[in-house]
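Listed next as structure tokens is one chain, alone, in the form predicted alone.
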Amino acid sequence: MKRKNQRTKLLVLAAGLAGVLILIYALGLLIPEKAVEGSFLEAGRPPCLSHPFGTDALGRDLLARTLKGLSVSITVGIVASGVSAGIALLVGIASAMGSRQVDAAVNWIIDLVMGIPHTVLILLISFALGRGMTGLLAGIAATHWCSLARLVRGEVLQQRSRPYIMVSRRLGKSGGWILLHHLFPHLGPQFLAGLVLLFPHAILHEASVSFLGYGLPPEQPAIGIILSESMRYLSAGMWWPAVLPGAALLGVVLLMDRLGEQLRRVLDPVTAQE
């Protein structure tokens, strides 16, 4: 039997992981609001067949709330990581292809942002913009671009000294042409893998900031809010509102991290052909 190529195996695994995440996201969107309404007759029920994740103190089904919360987290992760990766790409290219003064200024800004704990900076930005979804997205997007920007900068600096870049310059090609036809195709795999790997960080910071009360509004079914509410009832023996939604969030983060790792291996010619 002919052995399958490693790249094919990695692609199948990446597609499977992406399918699971899409399914979770779709289920969260399709659940009607009626399914998460409270009922005091059902309040505080432990996990059972009718409520696999149990119910909270208001009688709301925790599985439905968790799926809805995960869909919100995935939405925040997609938007915030996309904006942050776009900033990283522009800043990294500008730093590598600009003057020494521009490069020094960009590196100073990166050092400044990375020197402040992400959670603290997200809290400050979110609070300054009035909390809510807008402030949360702005805070996450403004704090997660630095590492990817440095990676892009290093790749551009490395490629600028390549012979084919020097030949293009000798032939009179402009910097924009070289960027579009030579650098962007080379940066594509690293950028895509970096974008996917930003996603878990964005989700975890969204949950942590919402848990502290500076992110999404309390009426929105977000995982951070569910965990925050569950803290009041842990001493009463209600462990499931904290453990099961938290485990679901951790599972999504690990799935996304695994997906990013698989994409990195697929896009790397060395590891893809092992």
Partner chain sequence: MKRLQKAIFLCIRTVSLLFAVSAISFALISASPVDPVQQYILGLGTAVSPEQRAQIEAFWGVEKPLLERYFSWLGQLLCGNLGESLLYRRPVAQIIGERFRNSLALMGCAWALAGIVGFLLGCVMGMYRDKGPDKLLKKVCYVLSSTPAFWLGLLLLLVFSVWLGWLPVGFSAPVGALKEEVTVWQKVRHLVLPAATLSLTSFANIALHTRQKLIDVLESDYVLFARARGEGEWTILRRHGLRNILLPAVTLQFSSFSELFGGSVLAETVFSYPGLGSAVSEAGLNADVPLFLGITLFSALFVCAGNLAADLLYGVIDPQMGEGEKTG
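Just so it is clear, the model here is predicted, and its values are computed rather than measured. Positions refer to the first chain, counted from 1.
The next section is about a form of this same protein that is not shown, the form predicted in complex with the partner chain.
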Is there any non-hydrogen atom of Asn107 lying within 4.5 Å of the partner chain in the predicted complex? yes
Taking the shortest heavy atom distance, is Gly115 within 4.5 Å of the partner chain in the predicted complex? yes
Would you check, heavy atoms only and a 4.5 Å threshold, whether Val79 touches the partner chain in the predicted complex? no
With the partner left out of view, is Pro47 within 4.5 angstroms of the partner chain in the predicted complex by any non-hydrogen atom? no
Where does the partner chain sit in the predicted complex: which of 49-57, 237-245, 65-73, 22-30, heavy atoms within 4.5 Å? 237-245
Taking Asp111, Met231 and Leu249 together, does each of them reach the partner chain in the predicted complex with some heavy atom inside 4.5 Å? yes
Checked 108-139 against the partner chain in the predicted complex; residues with a heavy atom within 4.5 Å, sequence order, are Trp108, Asp111, Leu112, Met114, Gly115, Ile116, Pro117, His118, Thr119, Val120, Leu123, Leu124, Ile125, Phe127, Ala128, Leu129, Gly130, Arg131
